[in-house]
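Below you'll find only one chain, the form predicted alone, shown as structure tokens.
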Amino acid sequence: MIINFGYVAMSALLQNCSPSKTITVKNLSKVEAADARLFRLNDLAKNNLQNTRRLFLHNTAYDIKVFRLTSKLIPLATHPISCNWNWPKELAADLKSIGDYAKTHNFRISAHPDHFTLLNSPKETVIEAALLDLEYHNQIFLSMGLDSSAKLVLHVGGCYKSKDESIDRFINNFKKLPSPIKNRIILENDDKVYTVKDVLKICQSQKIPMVLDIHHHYCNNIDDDIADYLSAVFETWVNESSPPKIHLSSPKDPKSIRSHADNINLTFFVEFLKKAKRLNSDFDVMIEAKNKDAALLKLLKELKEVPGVSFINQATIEY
């Protein structure tokens, strides 16, 4: 089976390359002239996009094709203070440029809207804010020229006293989403409430691809062996152009099992690899370790010593 590796949003190796530079609403409010405010926002966004291009070049140098964009790429894009900022128009050339690069180099691009983007909240204002945030992410992908293979990773959300009712709310609100957004959403199991079994059931009923987070499963399962779910999870990707994707991180320590460690525990991942080998299907891995690309490269170096692993390129293995 062939496995591609990638990482999240920022590099721990490149200097001065944050794609998430922003400004607080308070500080932006101190700029009295409206055109000067827009200039400031444009300047920040262009810097973020320039650094994203640097990240893309960096990834190409290491054969890394799986990458998650930061959700903070366009600062304050969904805040009322920016309501007169037509950022898709102002940044059209920059966004198209990085999108063209991503397509030319066959990158697999995704984003993970923030934790407040909840489709199962009982509060209508939260649902409205979630839709606004999803529209923002979708617009970034559209401006980059990326089709529905560029995905948005969501969690089911909170429990709100009743898991069953909260699942029903998620499904009802998911059904109401515009098709262009709905077609981008993939759903992930979490570390406290919604198990692999819970999320898989939703994904199967709504035909949503499922992202398996093996660290979250470690934290949140009832004696379930992940191997028993792999076939069904991977099957949710059957109509997609990309292979299934998993999220990989390791517990920080025995007392803080939900926190992400700086790097990936090789044994933790190899144990999963052995189970996945029974299915023998290709998949991609998104590294969610604190050390970002440094953790990815460290893991790849360690995998060279694992029996059965061969390298197709610097960031793709066959097992």
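The numbering used is simple: start at 1 and walk along the sequence shown. Remember, predicted model here, so these are calculated numbers, not experimental data.
Below, we turn to the form predicted in complex with the DNA, even though it does not appear here.
Segments offered: 92-100, 78-86, 239-247, 224-232. Contacting the DNA in the predicted bound form at heavy atom distances within 4.5 Å is 78-86. Checking Cys219, Ile202, Cys159, Leu131 for any heavy atom within 4.5 Å of the DNA in the predicted bound form turns up a single hit: Cys159.
When the DNA is considered in the predicted bound form, only one residue from Leu118, Ala150, Leu212, Ile140 comes within 4.5 Å through any heavy atom, namely Leu118. Using a 4.5 Å cut-off to the DNA in the predicted bound form, each of Lys21, Lys123 and Lys290 places a heavy atom inside that distance.
Contact annotation for Ser259: at least one heavy atom lies within 4.5 Å of the DNA in the predicted bound form. Heavy atoms of Asp164 never reach within 4.5 Å of the DNA in the predicted bound form, leaving it off the interface. Contact check for Asn280: no non-hydrogen atom falls within 4.5 Å of the DNA in the predicted bound form. Residue contact check for Lys30: one or more of its heavy atoms lie within 4.5 Å of the DNA in the predicted bound form.
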